[in-house]
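Consider the single chain below, provided in C-alpha cells and representing the form predicted on its own.
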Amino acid sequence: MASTPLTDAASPDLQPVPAPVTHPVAELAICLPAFSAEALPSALEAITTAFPGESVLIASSVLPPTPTDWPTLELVPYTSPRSDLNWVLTASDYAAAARLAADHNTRAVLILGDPESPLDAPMLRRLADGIRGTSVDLILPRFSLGPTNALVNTALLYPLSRALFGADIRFPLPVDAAISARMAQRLLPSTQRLVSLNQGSTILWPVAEAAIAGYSVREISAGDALPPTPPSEDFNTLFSSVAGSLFADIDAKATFWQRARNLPLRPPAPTEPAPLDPLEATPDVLSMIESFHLAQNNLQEIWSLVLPPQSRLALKKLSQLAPDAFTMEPDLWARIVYDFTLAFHLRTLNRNHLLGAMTPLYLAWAASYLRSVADRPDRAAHAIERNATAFESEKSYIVSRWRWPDRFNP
C-alpha cells in the first residue's frame, strides 16, 4: 500500500517550524554606551565622515529624533546599562558589544566609551581598518601624554601587563577599543556570566584576555586626543578599584603567566639622559613623601604581613632620605607590587585594607618618579622603560613566591 505523505490535512497536530530570527549582516558595528542625546548627533556626524558611503550599525543608549539625517547608519538601541565607572569600559560594555557582533555577524566592533571627547574621524577609520584589514583581534588607542600624566598606568598597569602577559601596550585599560569577531566571541561567555551575577560594572582587561587566547593586539596613535579623566572622587578609592581589579585578573590567570614563554623583542631602551642638577621637591612631591612617612610610622604591622624583611629595610632607608634625594629604585617597587599581588591572592588580610596599605607606597614611587623626570620627556621615557624592565626582570620573584609562599614568609 502506498504511503500517505505527511501534510497539514493528514496530521493536524503537526505545526510548521518557525523560521529563525535573523538580523541583517553588518560589516562594522559601533557601540556608543555613554553618549547623551546632546552628544550623539556630533558623534554620528564624525562616524559618517569616517566611513563615507558605508553602511554602519550604531548601537546607542539614546536614539536621535531624526535618524534619516544619517541614511547610511542603522541605529539600534543599546541595551546594556552603564555603571558608575563611566570613564572606562566594563564587562557590561563588552557583553553588549559581543552580543551585537554575534547577532549581526560583524567583522569589527568599535566600543567608544568617552562621550566627553569629540570623536576623531581619522582615528575611527584607523581603528576599524586595523581590525578589518589585518589579522589583529584587539586594537587600543595610544595617547601622547606629558611625562607627569597617567602615573597609575605607568606605575602598575603597563609594567604588569607587559611583564606577565607579554603585552607591550602602553594603555591596557581602555575607554575605546576595536575588537574582531572572534575576540567578541571569546568575550561573550565570561562577560555574560558577570552581567548575570550583577557584576556588570567589573573592570575588564581585554589585553590579558587576548594574551591567554593567543590573539594579536596592537595600538594606534590617538593623535591629540586625551584619555578621559576619572571622576573627582577620593584617590584612595579610585586606586583600590583599579589596582584591585588588575590583581583579581592576574589571580584568575595565574596558570597562564607562570608558564615560561618567549617575550617579544623589545626596541632598544631609550638612551640614558644627561643627569640634572639636584632638584628641589615640589609641593606635590613633598605631600606624597609626607604620606609615605606617616605610613612608615603607622602601617608597619600590616606591611610586615606582606613584605619580606629586605623590602621593609629598604623602605626604612628610603624614609630617612632628604626630599631632594628621595629615590625608590624600580626593582624595589616591582617586588613591592608583586608582594601585594600575592597577598591579594592569599587574602592575607581584608583586600580593601590591603590596597589601602599599598596606596602610600605607590605615592612614594610617584614622588620618586616625579622628582626624577622634572617634566622632561626624555627622562620620562627612560624612567618608564626602566620601570617596565624591572617588572620583567623580577617576574621570577613573583613566580617563586606564588608557587612556594611559605618558603618566603616575611
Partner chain sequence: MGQQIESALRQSIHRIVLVLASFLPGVLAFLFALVVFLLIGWGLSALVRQILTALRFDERLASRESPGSPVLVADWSSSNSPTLVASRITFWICVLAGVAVGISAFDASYSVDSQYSIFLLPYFAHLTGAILILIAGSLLARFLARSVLIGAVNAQLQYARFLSLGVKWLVLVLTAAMALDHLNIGGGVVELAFGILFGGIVLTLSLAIGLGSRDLVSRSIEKSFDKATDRPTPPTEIRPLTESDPPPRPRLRHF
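What you are looking at is a predicted structure, and each value in this text was computed from that prediction instead of being measured. Positions refer to the first chain, counted from 1.
Below, we refer to the form predicted together with the partner chain, which is not included among the displayed structures.
- For the candidate set 49, 55, 42, 348, a heavy atom within 4.5 Å of the partner chain in the predicted bound form is found for exactly one residue, namely 348.
- When you look in the predicted bound form, the only residue of 118, 166, 230, 130 with a non-hydrogen atom within 4.5 Å of the partner chain is 230.
- Contact annotation for the candidate site: 259, 333 and 392 all lie away from the partner chain in the predicted bound form (no heavy atom within 4.5 Å).
- Within this chain, residue 72 is remote from the site of the partner chain in the predicted bound form, having no heavy atom within 4.5 Å.
- The partner chain in the predicted bound form comes within 4.5 Å of a heavy atom belonging to residue 148.
- Contact annotation: residue 182 falls outside 4.5 Å of the partner chain in the predicted bound form, judged by heavy atom distances.
- Of the heavy atoms in residue 248, some are within 4.5 Å of the partner chain in the predicted bound form.
- Stretch-level contact check against the partner chain in the predicted bound form with heavy atoms at 4.5 Å: of 238-246, 174-182, 313-321, 108-116, the positive one is 238-246.
- For the partner-free chain shown, 350, 351, 352, 353, 356, 357, 359, 360, 362, 363 of 350-364 come within 4.5 angstroms of the partner chain in the predicted bound form, judged by any non-hydrogen atom.
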